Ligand code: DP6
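Take a look at this single chain, the form predicted alone, given in structure tokens.
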């Protein structure tokens, strides 16, 4: 009745931004991401019929409020599935989770956390590994978490069914497909975002006049970038990622009130990317709902790209590569 899983965050090359169903977390359009190794979240889940209520600990502190509620809702889904499929009564859970990178700073910490939770909770309940079921469960906690169950390059399919059973992520290319790719996270801020992604999405969908065009365009971009990834065409992938990031942030700026996740240092790094490309260095950026740009480059240009983000205000450069699948491990957190 106890299991531990490790999962990696991901960075979307074609973004997820906005839900058509808030309760089931169903997106308005498909998205595509690359899993980020070596960053990770480790989560241990233990069910016990002797425990009175669920206990949730995140990064060394007891979770409260919305954070706790989201985890408890996921645990309830696992208990319900186990009761129906396995005829098992699990009892309350003790869940302990710890990440090795900053939360709420635009690095998809919730994606890794809920992916690890989905894998660990289902295993603790007695289920065999099932990446589709895990992706759907992770999605219910955080939409982008559906893309962290598998490694490499992953597409989250929008789906059409109102119950969400066809809205899950699937791996297109594993982490070994593009060994030369490097992803550098420029940590220009470690502060928590003033407006969390969930609230920002809702405001953008409800108030931005640009949102319908965004959703239509992003769906087209997913189809196009798959071809570029297949060829490992860094320039084409980078151009698509930059264009899609700008358009996502444009919809957020068009919300009422406007949402701006960028800091001056963010813009400095972005503008410097253009200058480096004019010098023949292959480096492009993408940016989720946060201030920390992620640079896409190759192994041969990694050092120049790292110098760029340090020179423009990054306190730290986190060097990443395509990461692997979420996995079960033997060593528990508690």
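Numbering follows the first chain given and starts at 1. What you see is a predicted model, and the numbers here were worked out from it, not measured in a lab.
A second form of this protein, the form predicted in complex with this ligand, is not displayed here; the remarks below concern that form.
With this ligand left out here, work out from 136-144, 87-95, 233-241, 250-258 which stretch has heavy atoms within 4.5 Å of it in the predicted complex. Looking at the other structure, the answer is 136-144.
Is residue 314 close enough to this ligand in the predicted complex to count, meaning some heavy atom within 4.5 Å? No, residue 314 is distant from the partner.
Partner contact for residue 19 in the predicted complex: this ligand, 4.5 angstroms, heavy atom: Yes, residue 19 is a contact residue.
Taking this ligand as it sits in the predicted complex, is residue 188 near enough to touch it, meaning that at least one heavy atom pair lies within 4.5 angstroms? Output for residue 188 is no: heavy atoms all beyond 4.5 Å of this ligand.
Is residue 68 close enough to this ligand in the predicted complex to count, meaning some heavy atom within 4.5 Å? No, residue 68 is distant from the partner.
Between the options 125, 154, 183, 201, which residue brings a heavy atom to within 4.5 Å of this ligand in the predicted complex? Contact check passes for 201.
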